[in-house]
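The chain below stands alone and is given in structure tokens; this is the form predicted alone.
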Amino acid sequence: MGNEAIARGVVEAGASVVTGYPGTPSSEVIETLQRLGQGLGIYVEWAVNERVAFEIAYGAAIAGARSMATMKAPGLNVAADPIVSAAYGGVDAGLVVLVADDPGPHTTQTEQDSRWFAHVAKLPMITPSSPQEAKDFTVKGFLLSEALSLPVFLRTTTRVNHAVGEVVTGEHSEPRWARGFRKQVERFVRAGMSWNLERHRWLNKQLARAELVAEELGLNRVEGSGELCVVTEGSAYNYVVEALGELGLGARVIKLGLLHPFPRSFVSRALTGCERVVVVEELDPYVETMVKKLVAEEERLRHLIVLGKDEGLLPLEGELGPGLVRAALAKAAGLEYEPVRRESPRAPPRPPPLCPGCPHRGTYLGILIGISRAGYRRDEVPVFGDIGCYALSVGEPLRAIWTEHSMGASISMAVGLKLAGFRNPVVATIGDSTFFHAGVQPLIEAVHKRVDILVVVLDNQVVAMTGHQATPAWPRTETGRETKPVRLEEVIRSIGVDNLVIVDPENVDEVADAVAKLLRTPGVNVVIARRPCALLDARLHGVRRRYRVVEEKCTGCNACIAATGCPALYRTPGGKVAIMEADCLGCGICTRFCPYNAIVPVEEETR
């Protein structure tokens, strides 16, 4: 897989420090190194958030140790401040920042196009198109970083991260550790304005050398020939090659591996002899803008017709695919092209549900019941959501959360709503990992400003949605590293909240009673709903119990399904409810909502 190939590139490059924060589609890079790299003698662990991850990697790189920080696109926003500053400080060993964008989007709140960020940060950015290039460009990224003494972005997309292909590997290199660190205040202290001006001049000089180094590393290339030229990069390159072959169309393919600084000289040479240029890329017309600027500024290229997203040839949103690219290239070449329309059965919509046994189901049921017990209707008490699998509570039948904005925003937005004069109670819900990532600061703000809110921390003791990664509460990391666990309740109490209650989400009424009481209690109140992620718990300890439906007692009232939405429950052809026992993880919440006591435990078993 592309991410596994990147992990292999890290090994071949001799990196010694690898850190990041989980985020699909980037997570498997660190997971692969943790699983396979324990004998390599490198540091590879998750950090509490992307900013901390980058600063750890940067601290290693300025001491001469090759390092990498990994994150998905929104994580780049979290790490933006230190990354921009690091461009002025530079590095003394290779530092590669993997940022994974998600056109589609498949698992991300926005289709962020991180290519523009390279301009803001004034740092080089390279992009691979395949698992093979993912591995190769990782190694070249470290070399480019050291040649320019700058951090380098390795920008991928989901179809590169999760693509699978054969990869020719290179030699393993010994990890490159710190060589020392000396005091250089003019370089590393941003409080000196005259120093910053000089570092900015230095940075611009370094960037000016990037294209030359990129040529030496072979990051850009031209394939084929003809007056029709296609400029492309990343996963879009694969669609271009496939489309040209299927159309039987001869063209010159100008494939960019270096995105920033834009390889102006290379593209200018490559466009010689072209008459019509098609730019094929995903998301924004980033490369298209650069090509059109180049054509407008060079007299000998001004005759070129450049076509792309601005002309409506390709969409501005979503992923590309072979069909879209075939149609675009055919239109640009003036070919008659009728896409093949394949009729296929339309699958019913399947929005992702909370897993069977998920403790968050009980938490949100308890919140909704607690709102009612406190004397309010559901639509009178806003429930702010956050980033994590608990955001799936937005779907039927819970329809619990009203917002899901960004990491930690549930608490901040709840504070803002109350400060704006909202009279009714407000609930903020946030996961344990998200709280450690970005929830501590807004809770401090709420306490400091004495804002009346209820914060519910859904503590399933793991980073669940991205694949069960470690949190700061773990006593041992995935690599076996012994840690000092950070207790969630100790952090929260130390901030100075007015009331803190710990409840078990499998006891819906316990949650509801706590919520109802605290909604009527002024102050900054916190409920920790604590129970391990059901999938992880079953994997580690087996299933505690399962439930089945006594058919003779079931009336088919559907109350259990309507209340919980648990995917282990289903309706039989006879109109009654049954449980897929292999999927049941034994939370028993459905029993609470069955008015006929038709749901009972099966004999205790483990697997």
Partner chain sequence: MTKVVNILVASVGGQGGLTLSRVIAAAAVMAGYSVRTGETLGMAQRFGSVKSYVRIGVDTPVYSPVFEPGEADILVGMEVAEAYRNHHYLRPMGLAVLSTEEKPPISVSLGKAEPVTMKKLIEALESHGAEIIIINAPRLAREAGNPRAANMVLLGAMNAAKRILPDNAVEEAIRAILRGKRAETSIKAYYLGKEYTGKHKPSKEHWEDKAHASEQT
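Just so you know, these numbers come straight off a predicted model, no measurement behind them. Numbering follows the first chain given and starts at 1.
Keep in mind that the form predicted in complex with its partner chain is not shown, yet the notes after this line are about it.
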Just one of M465, C274, V291, L259 has a heavy atom within 4.5 Å of its partner chain in the model of the complex. Which one?
-> M465
Among H119, R179, H106, H405, just one has a heavy atom within 4.5 Å of its partner chain in the model of the complex, namely H106
Indicate whether its partner chain has at least one heavy atom within 4.5 Å of a heavy atom of I42 in the model of the complex.
-> no
Contact test in the model of the complex: I56 vs its partner chain, heavy atoms, 4.5 Å | no
Flag Y239 as yes or no: does it have a non-hydrogen atom within 4.5 angstroms of any non-hydrogen atom of its partner chain in the model of the complex?
-> yes
Its partner chain contact in the model of the complex: S130, any heavy atom under 4.5 Å | yes
Of these, 204-212, 190-198, 517-525, 390-398, which stretch puts a heavy atom within 4.5 angstroms of its partner chain in the model of the complex?
-> 390-398
Who in 564-582 is close to its partner chain in the model of the complex, meaning a heavy atom within 4.5 Å?
-> G565, P567, L569, Y570, R571, M580, E581, A582
